[in-house]
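A lone chain, given as structure tokens: the form predicted on its own.
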Amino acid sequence: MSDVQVSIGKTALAVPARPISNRLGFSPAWQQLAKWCGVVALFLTYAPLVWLALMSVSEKPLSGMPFPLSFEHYRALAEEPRWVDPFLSSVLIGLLVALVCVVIATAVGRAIPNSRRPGALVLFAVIPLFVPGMAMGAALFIFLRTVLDLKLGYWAVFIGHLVWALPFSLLMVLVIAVRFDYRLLEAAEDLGASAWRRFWDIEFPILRPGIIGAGLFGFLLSFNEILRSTFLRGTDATMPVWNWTMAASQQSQVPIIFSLATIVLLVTLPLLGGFFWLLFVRLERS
């Protein structure tokens, strides 16, 4: 710990510097409380996921006993054809939502920092985040049917998912865009670079973590959405709706849902981990 030199007249006294935690008013008791609150929060987040994966290979998962182990439910999942169409539909809708979110969020996210009133634009853009899913689903249900005369189904679900996912995607791009130094573009323009070359060679490499995050969050939010889908699906079914229907109607389908949910976790968690590593580790190193 370095000392602070304090001069009194012609005499310099060395005063030990206080730790930053003490200067900010954090006592050791508060630090311990914060640490244990974090541990409890992490436990409540990850322990149920680990338990779900364990129950998916349990012979009797509804009993709550992990042993004896069995992969019978995964075999039953492979032999159950009814989940395939909802799963593929959710993947296709999620990919389409991700693509549209990337394009719109990148275009709007680049423009907002240079606008006259960026705060107002961000406010209007993120308002859908605070609208309850049931209210937005009902609003879209009546609006699409009576005003746009659109038949309920996958296209209506796509619109509902896009309204839900786009604000998140936009925020991911804005996190990077607000830190962008636009003098780099001015310098490139002075050197004769075209608008496309300025974007591809300068902006895109810097905005890339936000753009990847926009697509990733767009896909995951769409793939897992159920409230808006319930209002807008018509007679079609997405994966979350199918899971909810099976869990509500037949207890015998619940072990299969455990297996399917575990497979989804094994795909989505590495994607999220890779993205956050790219955003917070690679970005800070560069």
Partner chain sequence: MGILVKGCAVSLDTLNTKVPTGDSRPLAKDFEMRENNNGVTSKTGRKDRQRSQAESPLDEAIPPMLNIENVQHNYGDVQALRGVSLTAAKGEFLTILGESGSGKTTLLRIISGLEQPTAVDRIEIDGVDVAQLPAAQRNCTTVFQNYALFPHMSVRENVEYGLSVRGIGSDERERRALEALDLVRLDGKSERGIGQLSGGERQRVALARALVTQPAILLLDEPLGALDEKLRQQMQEELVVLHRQLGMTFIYITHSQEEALTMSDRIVLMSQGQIVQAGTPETLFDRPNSQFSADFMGFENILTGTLQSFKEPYAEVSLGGKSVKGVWTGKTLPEIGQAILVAFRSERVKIGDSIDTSKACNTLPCTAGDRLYRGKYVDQTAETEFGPVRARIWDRSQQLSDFKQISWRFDDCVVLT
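Predicted, not measured: the structure shown is a model, and the values here were computed from it. Numbering follows the first chain given and starts at 1.
Keep in mind that the form predicted in complex with its partner chain is not shown, yet the notes after this line are about it.
- The closest heavy atom approach of D149 to its partner chain in the predicted bound form falls outside 4.5 Å.
- For the chain shown alone, G192 is a contact residue for its partner chain in the predicted bound form, at least one non-hydrogen atom being within 4.5 angstroms.
- At the 4.5 Å threshold, heavy atoms of P113 stay clear of its partner chain in the predicted bound form, well away from it.
- Within this chain, R117 is remote from the site of its partner chain in the predicted bound form, having no heavy atom within 4.5 Å.
- Comparing 96-104, 117-125, 152-160, 204-212 against its partner chain in the predicted bound form, the single stretch with non-hydrogen atoms within 4.5 angstroms of it is 204-212.
- Contact with its partner chain in the predicted bound form holds for all three of D181, L184 and A187, each having a heavy atom within 4.5 Å.
- The single contact residue among R75, R197, R145, R82, judged by any heavy atom lying within 4.5 Å of its partner chain in the predicted bound form, is R197.
- For the stretch 134-148, the set of residues having any non-hydrogen atom within 4.5 angstroms of its partner chain in the predicted bound form is empty.
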